[in-house]
Every structure is written in C-alpha cells, then in structure tokens.
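Here you get one chain, nothing else, as structure tokens; it is the form predicted alone.
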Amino acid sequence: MAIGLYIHVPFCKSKCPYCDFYSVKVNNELVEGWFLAVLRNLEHYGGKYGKIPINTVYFGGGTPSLVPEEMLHGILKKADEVFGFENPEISLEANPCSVDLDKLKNLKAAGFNRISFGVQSLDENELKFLGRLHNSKEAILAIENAALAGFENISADIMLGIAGQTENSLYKTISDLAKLPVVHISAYMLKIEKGTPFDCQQIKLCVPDDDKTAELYLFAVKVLEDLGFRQYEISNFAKNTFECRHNLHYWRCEEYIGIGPGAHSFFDGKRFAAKPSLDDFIKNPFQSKEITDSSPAGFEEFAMLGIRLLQGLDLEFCEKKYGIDAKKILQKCNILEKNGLVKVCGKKISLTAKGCLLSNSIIATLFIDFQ
C-alpha cells in the first residue's frame, strides 16, 4: 500500500504569537544544512527499506515557501528516486507574502500540484491581532497568482475565535475566499498554547469565550456548506474531490514517514518522532528517533482518528478487523444521538456539526479503554 511522506520545514521570517510548532528564524546557512540533511534522510530510508510507493508528499512548517524552489525540487527528485511516486498529491504550505507569480510558476514546474495558504482571515484587524505578515490584498493576490501559475488544488486556512471576530467578519472572509479559485478550506479554532506569547491574561480576556467560539464554528460550517464546501473532517471542507489526500493518511490510520526536526512518523509498525532541534537534525547522519508508540493502530486509535471523518466510522468493519462488540458502542450512542451529537446509520456512526465541538468527550465516552 502506498504511504505518505511529510517534510517539516522549520523556517519562518517571524513566529506568530499563537504558534507552538517548532521553527527558527530563516537564514541561508541553516536552510542549506537542512536541505542536505533531508536528502541524507531520504537516502537512509531508501538504503534500509528499498522502494516504498509514495502517493502524497506534504511540506509543512514553519513556512516551506521560504525555501528556494531548486531545493524543494531537489527534495522531490530524491524522494521519487528513493521511494517511487504513484500519482502523488504534492502539497506545499505557503504564507501569502512569501510567494509571487514567478515563484508559484517555478513551484508548479517543480512538481507541486497542491498549495495551502495560511490566510487565517481577510479582516485587517484580525490579521494584525494574529501577528500575520500579510494583509487581505496580498492573500487574495497570492491565491489568484497560484491559479495563474496552473494550480487547480488551492487550499486556504482560516481561524475561528480571533479577538473582535463576529459572524459578519467571518462571513466576509469565507464568502470572499469562495469567490476565488479556492477548492479547500481548513477552519481551525484558535487555541492558546502554553508558553506562546498569547499565553497571557490580556489575550485570554479579549478572545471570544468557548461558547462564542462554538457559535462561530457552527456558523462557519453552515456558510461553508451553503457555498459548496462539503465538510469531510472536523476542521476541513472541500469542493468536489479536493479532500486533502495526505491528511486522510493520518485519519485513516495509514502509514507515513516524517522527515525534519520535530517530524512525526507512523511507519514499520511504530509511531516515532524526531527531536525538535534543527542543530541535531543537521549534525546527525540520520535524524533522531524517539518511539512514541511501539504497537499503534489498535481499535481505540483507529476509532479515535476515524470518527473525525464525517463519512463515519464503520463498526461492522471494526468488528471484523478488531473483534470488538459493536452493540456495546451503539448502546452508548443512544443518548448522544438523542442530544444531536452523533448520527447512527446501521452500524456506522458519525459526528454532527454540534458533535464535532465535543469530539474529545464523545471519543472518551465511546472508545477510551473500550473492552
């Protein structure tokens, strides 16, 4: 079975105050060292495992679009040489102000066929609050240029629960994006991460509370659906067949290899993570590997990830694969269904939009320590 490949690009011009992903300030020397280390790690996997068919490649960050196109192209060539691509979806995350038309054309020519822009909002005040480097005009221009460069699979991230955000401002962001050649939208609720600049009383007092953020989420779900973006996962919406194939590897509990400082992997029957240190990644012949789960992909994990998908979790399949008793789970679903949190169709269960807001509690009720 084909697997996914994730490349972590740990470079940013400046760190957003809400972000806790591993990243460092970009400079040419570090980028060169990172590039060579990525190539070494790709060769390591090829030498150890031989050909492994890859059908998705995802460059995440950080800001992958800060890396020179020739380096990104070199990584793709090496990955294809080592693993062998099978009609791959090849995605790149980009900040709107880090690309122009020429760069986008070069990225398309290098083999990228999907681009995901960190838009977050098209409201100027909301962008300033988030510390973003772009404005709304730059975000719109980047999307239009991506289409001119030949990208048909264009995604945009938006954020919910920003200080000062209203249903009106959220509607304008979504509706303006829908007028552009965007076929996929990810809508994430702002989370105050420990140790970030946003982790302070001043910020916590000015962002919407949990109830208001929940209202904004449900509002966004409805607007997106009305504008032709079908919800297929808790935070993800797509037109036609433009679901993110790479992320589906995660939610379907399928294997993927992660390369880069802090990158996670599920491969060769284990989950493991590289040390979140660029210095360590550059200096070592092969990235460090800390085993995070030596026997993954059991029923609990499969169910916890799978129920995030709005297509639903097939308990009949789980009965055959894991030997679980579906009746016990379906009995637990009764009260959840009455409260409008899940839908039950035969032996398939799925979350409602309201249930998506309480997914962790629902997962705990249905699957944690399931016997």
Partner chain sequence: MSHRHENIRNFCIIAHIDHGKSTLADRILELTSAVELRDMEDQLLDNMDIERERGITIKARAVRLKYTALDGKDYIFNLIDTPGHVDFNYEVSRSLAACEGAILVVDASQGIEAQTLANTYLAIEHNLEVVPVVNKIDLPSANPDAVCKEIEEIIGIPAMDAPQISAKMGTNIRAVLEKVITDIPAPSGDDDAPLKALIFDSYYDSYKGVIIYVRVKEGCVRNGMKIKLMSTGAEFTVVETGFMGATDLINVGELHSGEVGYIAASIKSIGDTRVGDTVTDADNPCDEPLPGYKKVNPMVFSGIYPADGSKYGDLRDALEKLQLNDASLSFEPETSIALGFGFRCGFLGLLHMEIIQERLEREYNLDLITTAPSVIYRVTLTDGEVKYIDNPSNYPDPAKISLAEEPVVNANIIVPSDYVGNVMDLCQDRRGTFKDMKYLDASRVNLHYELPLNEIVYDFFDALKSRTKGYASFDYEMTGYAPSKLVKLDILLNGEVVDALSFIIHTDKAYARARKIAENLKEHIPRQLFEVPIQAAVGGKVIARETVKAMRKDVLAKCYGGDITRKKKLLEKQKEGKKRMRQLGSVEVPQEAFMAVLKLD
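For clarity, every value in this text was computed on a predicted model and none was experimentally measured. Positions refer to the first chain, counted from 1.
What comes next is about the form predicted in complex with the partner chain, which is not displayed.
Subject >> Interface stretch in the predicted complex with the partner chain - options 83-91, 191-199, 96-104, 143-151, non-hydrogen atom within 4.5 Å >> reply: Only one stretch passes the 4.5 Å heavy-atom test: 191-199.
Original post:
So which of Asp280, Glu225, Glu301, Asp268 gets a non-hydrogen atom within 4.5 Å of the partner chain in the predicted complex?
Top reply: Flagged contact: Glu301.
Original post:
So which of Leu130, Val221, Ala214, Ile203 gets a non-hydrogen atom within 4.5 Å of the partner chain in the predicted complex?
Top reply: Checked against the cut-off, the match is Ala214.
**OP:** Report whether all of Cys16, Ser136 and Ser175 sit within 4.5 Å of the partner chain in the predicted complex, measuring from non-hydrogen atoms.
**Re:** No.
**OP:** Evaluate Glu167 for contact with the partner chain in the predicted complex, applying a 4.5 angstroms cut-off between non-hydrogen atoms, and reply yes or no.
**Re:** Because no heavy atom of Glu167 falls inside 4.5 Å of the partner chain in the predicted complex, the answer is no.
Original post:
Closest heavy atom of Asn247 to the partner chain in the predicted complex, within 4.5 Å or not?
Top reply: Taking the distances in the predicted complex, the answer for Asn247 is yes, it comes within 4.5 Å of the partner chain.
Subject >> Proximity of Arg40 to the partner chain in the predicted complex, heavy atoms at 4.5 Å >> reply: Arg40: no contact with the partner chain in the predicted complex.
Original post:
Applying a 4.5 Å heavy atom distance criterion, does Ala110 contact the partner chain in the predicted complex?
Top reply: No, Ala110 stays farther than 4.5 Å from the partner chain in the predicted complex.
Original post:
Heavy atom within 4.5 Å of the partner chain in the predicted complex: which residues of 333-363 qualify?
Top reply: Counting only heavy atoms within 4.5 Å of the partner chain in the predicted complex, the contacting residues of 333-363 are Ile335, Leu336, Asn339, Leu341, Cys356, Leu357, Leu358, Ser359, Asn360, Ser361, Ile362, Ile363.
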